[in-house]
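Just one chain is shown here, as structure tokens, and it is the form predicted alone.
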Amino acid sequence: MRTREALIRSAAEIFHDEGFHAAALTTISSRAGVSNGALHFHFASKAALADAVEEAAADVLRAVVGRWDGGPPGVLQCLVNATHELACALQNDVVLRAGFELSREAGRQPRTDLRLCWQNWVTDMVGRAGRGGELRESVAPESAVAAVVAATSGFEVLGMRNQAWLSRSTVAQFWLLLLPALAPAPHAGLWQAEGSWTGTATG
């Protein structure tokens, strides 16, 4: 198990640095501190290793959204908090970063599409916010989903080269713009754009 986990992390680092197509299995095994034979014992191919990285990244994503299932402090605030935690995790977890990058790798069919997983969760949360009276009646749920998914996906892509796009202040500025358009007037001041989540990004 330790060897497999070491290989997944090593592969994530190499895929992130060099891209899937340029990554060499010998480089991955060397960084993991194992032989090529040990790598092939666990993974039949580079594609199988990439699938494992994506699934490990999906586990991280599921853990992030699982902490914000719509209980207190409200569905909309949970959505805000999840975007902050996701941005923080993208800064600090190379497996998660690589998983998202692999999902958009040209010429490769993702086994686990992290963006689709994220989109489905956001869609569910926006629907629940609407049913719970946390959205203005004039807000079309699909428009709210599009805004959140497009912005957070953009932060992830831009954050590859400049982590300021994943900072708490950047995510908060987005929500400062969006929340007044989403929340009914009586509730507009209740949500914290900077998140009520207490985690911090270390860069």
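Just so we're clear, the structure is a prediction, and the values are computed from it rather than from any experiment. All residue numbers are counted from 1 along the displayed sequence.
In what follows, reference is made to the form predicted together with a further copy of the same chain, a form of this protein that is not presented.
Judged against a further copy of the same chain in the model of the complex with a 4.5 angstroms heavy atom cut-off, the residues D51, V94 and R168 are out of contact without exception. By the criterion of a heavy atom within 4.5 Å, R9 is excluded from the residues contacting a further copy of the same chain in the model of the complex. Taking non-hydrogen atoms only, R131 never approaches a further copy of the same chain to within 4.5 angstroms in the model of the complex. In the model of the complex, a further copy of the same chain sits within 4.5 Å of a heavy atom of G107. Contact annotation for A38: none of its heavy atoms lies within 4.5 Å of a further copy of the same chain in the model of the complex. In the model of the complex, A146, A147, V149, A150, A151, S153, G154, F155, V157, L158, M160, R161 are the residues of 146 to 163 with at least one heavy atom within 4.5 Å of a further copy of the same chain, listed from first to last.
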